[in-house]
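Heads up, the chain below is alone and in the form predicted alone; it's given as C-alpha cells.
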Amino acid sequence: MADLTTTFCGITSPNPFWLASAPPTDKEYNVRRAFEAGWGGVVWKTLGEDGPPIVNVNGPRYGAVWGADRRLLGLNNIELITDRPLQVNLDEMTRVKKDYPDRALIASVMVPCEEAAWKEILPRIAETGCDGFELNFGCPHGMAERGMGSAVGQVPEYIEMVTRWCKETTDLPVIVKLTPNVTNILGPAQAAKDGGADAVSLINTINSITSVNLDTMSPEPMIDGKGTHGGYCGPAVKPIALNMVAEIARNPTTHGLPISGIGGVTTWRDAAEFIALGAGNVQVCTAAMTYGFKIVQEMVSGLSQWMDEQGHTRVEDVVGRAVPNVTDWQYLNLNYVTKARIDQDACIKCGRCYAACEDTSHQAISMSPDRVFEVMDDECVACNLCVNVCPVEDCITMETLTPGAVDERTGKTVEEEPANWTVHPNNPSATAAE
C-alpha cells in the first residue's frame, strides 16, 4: 500500500493534504476537528500584529459562481485575516500542536512591511511549537490597501527583502505564499528563492467581482448597498494555479524550489495533478468549506488507490513527473495529426458537436436528415471542440493518424519524424538560420 507520508521542506505530515490558511483554520475547535477527520496539516489563519483586533464586516463575506446544477465552481471572499487577538491564537496553537505532534502546523503571518514588525512577531509565534511560517504575500483585498498582502507580493524586491528578514529571525522553515495577481509568476518566485525561502505556496486568491445584483446595482456580496472586489478561489481557479505551479517547476532557476500547490483542489485527482506538476503537497480550502472536513478521507483513499494502481509507493515518486512534458508552443510537434471520430452507437443525436463546429469552428461535421453526425476529414483540423461540448463521455474521441497516412485536409503525408515551429519553413527565423 502506498505511503502517503510527506516531508515538505523538512516538515513531516501523515499525508500531503493540508488545510489552507482561511476560515476553516481560524480557531482551535476547527483545527482539532480537521485533524480528527484526517488532515495531514493546517496553515493557521493569518496572524497579524498584537494590538486592536482586525475588524471584519458584519454582513455577507462570500460571493459565489455556480454551475447549471448549482455546484459551487468559485467562491469570492472579502474576509480579512484573523479578527481574534494574537495571544488567543497563540495559546490555541500551542495546545493543538501539543496534542497532535505528528500533524503539520504552519503559522500564516502578515504584518506591515517593516523589519521590526516581522522580527518581533516570529519568535512569539515560534513559542507555540509550530513547524514553520507561511508569509502571506497574496491577500488581494482589505489588507493590500494597507500595504500588506498582495501589495508586497506584486513587488519582487519587497518579497526578497521581507523573506530575508524572516530567515534572519528564525530557524524554522519559511514558506512564501505568492499572489496570482501578477503578469508573470517567475519574478516573485525567484525573489522568494533569492531571499532564502525554503518553499513557496500558490496560488492565493484572484482579485475578482463574481456578480452584480441587478436590483440594487451593487456587486455581491453586498454590504449596505455597496460591494467590493474580493479573492476568488475554488475549482474555477485550478487551471490558473496548475499553470503557475508548472512554470516555477520547469523554470531552470526556480526548478527544485519546493512548492505547496493551492487552488481548486477538490478531489484526489486534482491533488495528483498538482503533485505531478511539481508540488510537494497541496492545500485545500473551498472543498472543505463546501463539503466539510471529512472530504479529506476520500482524497486520501483515492490518492492511495491510484498510486497503488500506478505502482508508486511514495508521494515523492509522483512529484514533478509531468514537468518534462510541459513545454512552450513553439516546441510542439507539428507533424502530429489527429481527427475526430464519433461513436454512432453512443451518440444521442443532440447535435451539440454539429452546432459548435458549424457555427464557431471549421464546418467539419455533417448532419443527415435523420440526424446522423459524421466527421469530414477533409475539413477537420482536430481542434477537439466537439469532444469538449459533447455531453456523452467518450462518444467523440480523437484518432491519431499513423505515419504514412494522408491528411485529407492538407493532402500531405504524415511524417514520422517530429518537427516544430523552430524548424518550420513558414518561420522567418528558421529560414534565416538556413
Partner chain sequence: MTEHLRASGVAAGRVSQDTVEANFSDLHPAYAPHEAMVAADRCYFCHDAPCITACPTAIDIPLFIRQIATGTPEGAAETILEQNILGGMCARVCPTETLCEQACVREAAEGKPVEIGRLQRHATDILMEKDVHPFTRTEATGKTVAVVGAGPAGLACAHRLAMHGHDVVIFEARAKGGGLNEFGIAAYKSTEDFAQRELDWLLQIGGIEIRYEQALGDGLSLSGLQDDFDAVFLGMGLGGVNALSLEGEEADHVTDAVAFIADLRQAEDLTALPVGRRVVVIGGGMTAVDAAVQSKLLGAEEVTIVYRRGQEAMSASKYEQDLAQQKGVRIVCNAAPVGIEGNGALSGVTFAYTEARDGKLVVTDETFTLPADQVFKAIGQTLAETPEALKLDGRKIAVDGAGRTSVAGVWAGGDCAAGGDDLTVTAVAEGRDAALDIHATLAGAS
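Numbering follows the first chain given and starts at 1. As the structure is a computational prediction, the values presented were derived from the model and not from experiment.
Keep in mind that the form predicted together with the partner chain is not shown, yet the notes after this line are about it.
- The partner chain in the predicted bound form is not approached by H362, whose heavy atoms all lie more than 4.5 angstroms from it.
- Although the partner is absent here, D394 lies well away from the partner chain in the predicted bound form, with no heavy atom inside 4.5 Å.
- Within this chain, K294 is remote from the site of the partner chain in the predicted bound form, having no heavy atom within 4.5 Å.
- Taking the partner from the other structure, the partner chain in the predicted bound form has a heavy atom within 4.5 Å of a heavy atom of R352.
- Only one of the listed residues (V387, V65, V375, M367) places a non-hydrogen atom within 4.5 angstroms of the partner chain in the predicted bound form, and that residue is M367.
- Between the options I348, A116, L186, M217, the residue in contact with the partner chain in the predicted bound form by a heavy atom within 4.5 angstroms is I348.
- Here the chain stands alone, but in the predicted bound form its contact with the partner chain, taken as any heavy atom within 4.5 Å, falls in 65-73 among 38-46, 405-413, 65-73, 23-31.
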